[in-house]
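There is one chain below, alone, in structure tokens, taken in the form predicted on its own.
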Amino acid sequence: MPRTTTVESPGCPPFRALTADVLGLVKVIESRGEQSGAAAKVVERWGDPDSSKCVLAASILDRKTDPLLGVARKSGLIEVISVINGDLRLSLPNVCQDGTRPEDDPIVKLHLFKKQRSESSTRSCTLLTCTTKGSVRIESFEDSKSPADSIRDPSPTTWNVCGSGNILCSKVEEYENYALFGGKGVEVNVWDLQKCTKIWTAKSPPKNSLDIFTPTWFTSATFLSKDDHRKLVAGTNCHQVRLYDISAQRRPVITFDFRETPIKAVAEDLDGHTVYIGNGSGDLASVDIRTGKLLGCFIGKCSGSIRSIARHPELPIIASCGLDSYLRIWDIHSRQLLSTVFLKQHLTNVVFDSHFRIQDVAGSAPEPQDVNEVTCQDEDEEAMPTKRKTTSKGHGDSRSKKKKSRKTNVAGSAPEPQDVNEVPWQDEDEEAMTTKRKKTSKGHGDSRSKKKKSRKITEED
């Protein structure tokens, strides 16, 4: 069981989130209640469990009409599905440049562009993928209702962002003009996506006071503000959080340690100076990155490594998930746990559908088959108590008749019609029994009086 602390919670606001796990399943979690104590629950599950379809990366095209979710699987397939009903829109294989198998060079980052980068069609979408060995690919495809009808870009843009090492983290900034990359043996670097050129590379920190050099090992990174791509935050395997300003210097501006386990997930807040960090031991905290001050840890410790953190674009909540198979919803102001949902498998990613509205769900008419099922169920539930009452009444008829006759005699109230015929017969029987007893007792008394009279006569004689 997870090591959590029970706290009083006002309940979850209405939201919709999607999670991906190691068995390739995509689950939809919704909270539809605005009252106190409203909890989130799973409403849909897409896909069949298969370890070869493990979701390594996910990205949501969060738009009001026809939102899409892109997932990169361990088998090398890239799928784009509808967020509304889970229909598959696009399925394409991961093509490696040097003939390497997709399993040997898996995708670590996937991003669906919000802006239209192709002018060929209004229904075109653009996809960015990055593999472990640093192969980046940007291609467009024609979105359609069927995967077979989708048209793939014949000339995608490809380049490599590292010569050695492994890419472990990547992020595209809000305006989708720049992207950062980093990993094990790869310093954080920023690329211009329009020109496909590197504009900045971080420099390793110097040796410490003991003359020990810490090798480069970035596990997560994000841009600090959506309005400024020059500031970015990165987490390392040596439990450090670093703030970089590419306009100031190549080395970190601020560096601080958080607990004693590797940083596994980093997410930025909308205010532009608060970040949320999660580590391998399940600790989740918010930090003011301007000073490196810890604002506080979230109440309720997770029992497994945190792998993904998502900030809702409108509501004051964040979601976290990881290896303990729980999706947790937190309040960013009080840092309290609002709701937990157990999803059975290890989770790898979580995203929010910000255009979900509870009014749309509440106003939808139920399907005909659901109405019939509910009606039949209500009739059965009403019939069962009636049957139980009838059975108990049959066993207690004699007792109820006696009680009713007694109440009638004592209170003098008029009995019910069905009991009127029963009470006089019962009274007549009682009168007959009383008369018989009096006669019997009188008979016994006569014999005794005769004996007494005979004794008196004898004494007189």
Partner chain sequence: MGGKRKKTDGVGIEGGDDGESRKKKMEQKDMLLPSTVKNKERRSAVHAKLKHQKKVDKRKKAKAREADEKRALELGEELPPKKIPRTIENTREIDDTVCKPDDEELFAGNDADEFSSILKQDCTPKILITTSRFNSTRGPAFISDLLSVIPNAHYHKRGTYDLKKIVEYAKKKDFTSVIVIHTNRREPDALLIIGLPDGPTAHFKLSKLVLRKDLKNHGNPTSHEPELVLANFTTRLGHRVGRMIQSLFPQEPNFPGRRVVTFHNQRDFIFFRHHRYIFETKESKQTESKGTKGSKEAKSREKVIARLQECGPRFTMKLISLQHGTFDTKGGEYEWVHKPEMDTSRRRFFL
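The structure presented is a predicted model; accordingly, all values stated were derived computationally and were not measured. Numbering follows the first chain given and starts at 1.
Keep in mind that the form predicted in complex with its partner chain is missing from the display, and what follows is about it.
The partner is not drawn, yet in the predicted complex one stretch among 221-229, 292-300, 198-206, 174-182 has residues with heavy atoms inside 4.5 Å of its partner chain: 292-300. Interface residue remark: L343 is counted as part of the site for its partner chain in the predicted complex, having a heavy atom within 4.5 Å. Taking non-hydrogen atoms only, R250 never approaches its partner chain to within 4.5 angstroms in the predicted complex. Using a 4.5 Å cutoff between non-hydrogen atoms, K27 counts as a contact of its partner chain in the predicted complex.
Contact between D257 and its partner chain in the predicted complex is not found at the 4.5 Å heavy atom cutoff. Proximity to its partner chain in the predicted complex holds for all of L23, G280 and D324, with the criterion being a heavy atom within 4.5 Å. For the options P102, G86, P262, G165, the one in contact with its partner chain in the predicted complex, meaning a heavy atom within 4.5 Å, is P262. This chain is drawn without its partner chain; in the predicted complex, the residue among R335, H273, R307, H312 with a heavy atom within 4.5 Å of it is R307.
Contact residues in stretch 49-75 (any heavy atom within 4.5 Å of its partner chain, taken in the predicted complex) are P49, S51.
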